[in-house]
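Starting off, we have a lone chain in the form predicted on its own, written out as structure tokens.
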């Protein structure tokens, strides 16, 4: 009479279990990959013009006003893309022109190594303020008054070119030799980044003193 072996001591049971777990995990990983690709795919100008907002909107979002408003259903603030708004005197940037500006700004941020001090979309250092929603910071209004600039984009561009002349807080940003064209690209890059739906990240942006909906 053969001795009955517990299922837990049966090697074949564990081999089959490992195969099933590996298979299910692989299928889940593939599904998550395709789902994520769909979520982070950049939208188009046509979609934006039709009021269809993707998590990563078209570069032409720089032609629009962007606000950060509380979404009660989701429990945090989300970017809201509004009507047309002048950006450096224009609200008709084509997709190619807007993308070129964003690429210039992105390359400038990499060349100047902004992430050595700042955070962008969760990556980088926390020595200086998070830049993910920097375009939406209401403190730029005081910079406009101080610098005598009529628009926020002009004030940010001026600050980026001459940070030592316009100290923001205790930690003064060094002069990185940003050119006027690079500054324009960086501001476009920051404006587009502020339009990305990051599920409320950074979490405390809207609640810091002086911030949007600050309290």
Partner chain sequence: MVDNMQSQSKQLGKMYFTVAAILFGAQILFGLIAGTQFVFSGFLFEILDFNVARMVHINALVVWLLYAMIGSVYYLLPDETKVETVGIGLGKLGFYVLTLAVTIVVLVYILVQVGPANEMSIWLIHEGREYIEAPRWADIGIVVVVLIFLANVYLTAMKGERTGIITVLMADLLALAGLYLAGMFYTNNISIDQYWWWWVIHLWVEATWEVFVAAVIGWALIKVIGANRQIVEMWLWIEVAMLFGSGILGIGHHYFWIGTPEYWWEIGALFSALEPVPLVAMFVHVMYDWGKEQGLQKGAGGKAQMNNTPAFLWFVASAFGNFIGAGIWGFFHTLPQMNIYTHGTQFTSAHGHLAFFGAFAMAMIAMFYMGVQGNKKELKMTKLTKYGFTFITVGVVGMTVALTIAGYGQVMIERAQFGATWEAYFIGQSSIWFKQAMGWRLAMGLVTFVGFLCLVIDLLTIKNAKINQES
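Between two forms, the rigid core is defined as the largest C-alpha subset superposing within 1.5 Å. Just so you know, these numbers come straight off a predicted model, no measurement behind them. Positions refer to the first chain, counted from 1.
Although it is not shown, the form predicted together with the partner chain is what the next lines describe.
Contact check for residue 115: a heavy atom falls within 4.5 Å of the partner chain in the model of the complex. Contact check for residue 28: a non-hydrogen atom falls within 4.5 Å of the partner chain in the model of the complex. Although the partner is absent here, residue 129 sits close enough that one of its heavy atoms falls within 4.5 Å of the partner chain in the model of the complex.
In the model of the complex, residue 124 approaches the partner chain with a heavy atom inside 4.5 Å.
Residues from 87 to 112 that approach the partner chain in the model of the complex with a non-hydrogen atom closer than or equal to 4.5 Å are 99, 102, 103, 104, 106, 107, 108, 110, 111, 112, in the order they occur in the chain. A displacement of 2 angstroms or greater separates the C-alpha positions of residue 15 between the shown form and the other one, with the rigid core held in common.
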